[in-house]
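The data below hold one chain only, encoded as structure tokens and taken in the form predicted on its own.
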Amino acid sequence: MLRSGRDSYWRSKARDYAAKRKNRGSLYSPRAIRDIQKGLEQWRREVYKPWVERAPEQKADPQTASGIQLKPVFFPTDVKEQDYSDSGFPGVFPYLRGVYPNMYRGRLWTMRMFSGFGTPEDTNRRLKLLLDQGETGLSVAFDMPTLYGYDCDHPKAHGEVGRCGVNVSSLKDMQVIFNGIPLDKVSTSMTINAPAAVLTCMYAAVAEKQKIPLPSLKGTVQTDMLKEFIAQKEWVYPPEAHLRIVRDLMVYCTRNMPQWNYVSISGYHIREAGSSAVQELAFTLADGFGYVELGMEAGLKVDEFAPRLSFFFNSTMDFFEEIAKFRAARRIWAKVLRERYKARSPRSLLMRFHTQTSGASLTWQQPLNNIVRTALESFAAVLGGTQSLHTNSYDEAWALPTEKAVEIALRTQQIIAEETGVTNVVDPLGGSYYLEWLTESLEEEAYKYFDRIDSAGGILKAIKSGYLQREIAENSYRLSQRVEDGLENVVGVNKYAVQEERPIETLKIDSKAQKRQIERLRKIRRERDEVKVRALLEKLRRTYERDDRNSIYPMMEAVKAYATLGEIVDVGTKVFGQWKEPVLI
């Protein structure tokens, strides 16, 4: 999907939903369906309609957050055409009901709390605190200078160091973050994209210093540059240059870090930018198909690398639509990988995904309400079969979370796991008339989007033309307009609002963090072998100029010699240049 295949695959898949309904096998006998239909018509006429005339319904146009129109109630007649073989069994193709046969009965999801602020020392303390509190996987957030590839002493970094995540300017910072944390005992997720390859090299170098072999490292680095151009906007180079580096990282990790997930295909930021659940589903999977094609174009066999592609989804407040989205995503991925890309290994067909509760749904008004929002969103993620989960803290609409807020967010996951009984049954909502109908509705709409993206020339051209960005912007406007018009309610914002003074205490980032980081960076530059660093940066430059060479090997050398993040990123800027997205009209 990087480029248009100009074939009928997506169009035919979209049409299948209408055509197959006439020929599918059914769990229900025709006679039973006729009886239900007859009873349903009588119920609507004699019971439902008179009742509604006396007690009018609150919403004139009930619909999901994606705008899918909803009936008041669902019956077997709404799913009579669905073929049970399309649902199958947990741990079996097409994985609708879960990627593992016994799901949480065997192992809980990994509990990750987004961590990272201030200096590496601050973040190291927070990571250790969360591990002591029962967190089962690390998740590291980086500040804006790091996300854009600037060193902490760059003029554009002023005032931003450590503000929205931890600052990393060199390998030394990464060593401090993971000091005393054995990397062979935990998995780590790093939310970094434009300089993801550099941070991966730093993490690998820390592991080597801990005498840990690279093949044993477990974790994920986001690296999803397609999503950056669609939604989050944190890029450095033109799209083709970033994809070349992603390709190099895929090849390097396939050969040297076989347990490392080198691309976490992220719908989270697409959703936070204002997309609907349908758009999040479709655009995220379209990105995923683009990375599959990128790996295959690099000469890798699909079953060599596809098992290490993971996903990252949002979970927001439309409870049932979110659950349906997760289930639909698994089925689409499995089918397309097998049918279109000829994957044969079951591991290639498994969509394993991390979920984060929605930051956009959090409100600065009445912030304690966010505890309830996060609980419902995380419960939807669990019912949808997530493999990993991050719960937002109630104070994140105000600032980075305090320790107390993080503890409550972690306890939310632990209460769901330990007290609700949701882990006792695999896919507990499977078979719900409403949920199964909604799952298929989301799939059908996603295939329509795949066809439009293909008609636009593939995912890369759809991004460069601004098509996907316009779709998200228009949906974001639609949603905000519905809230402003009172068609959708947000408690504490446009309903049940109250006047509040500053309601909570928030985390304060030490203003001295930037000074301490700059001092450490200067010390690194004084003590390193400057001649060696310059030679290795030149070696990286020459590699970038040759598309047939893998840039990760010289990048790794430069990192180990304590070349800084900014120095390494600048090499690429001089070779590849920069990029501006199209103006959206």
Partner chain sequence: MELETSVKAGSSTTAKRKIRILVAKPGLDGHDRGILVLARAFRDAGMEVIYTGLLPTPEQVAQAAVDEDVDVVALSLLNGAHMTAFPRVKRLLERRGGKDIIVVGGGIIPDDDKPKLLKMGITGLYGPGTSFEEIINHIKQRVKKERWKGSN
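This structure is a prediction, so every number in the text was calculated from the model and none was measured. Positions refer to the first chain, counted from 1.
The form predicted together with the partner chain is left out here; the points below concern that form.
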| property | result |
| --- | --- |
| All of 48, 87 and 437 with a heavy atom within 4.5 Å of the partner chain in the model of the complex | no |
| 365, 124, 386, 261 - the one with a heavy atom within 4.5 Å of the partner chain in the model of the complex | 365 |
| Among the candidates 185, 344, 495, 508, the residue which, in the model of the complex, approaches the partner chain to within 4.5 Å (heavy atoms) | 508 |
| The partner chain in the model of the complex: contacting segment from 284-292, 130-138, 394-402, 191-199, heavy atom within 4.5 Å | 394-402 |
| Distance check, residue 95 to the partner chain in the model of the complex, heavy atom within 4.5 Å | no |
| Residue 232, heavy atom within 4.5 angstroms of the partner chain in the model of the complex | yes |
| Exercise: residue 150 in contact with the partner chain in the model of the complex, heavy atom 4.5 Å | yes |
| Residue 418: touches the partner chain in the model of the complex, heavy atom cutoff 4.5 angstroms | no |
| Stretch 258-278 - residues with a heavy atom within 4.5 Å of the partner chain in the model of the complex | 271, 272, 273, 274 |
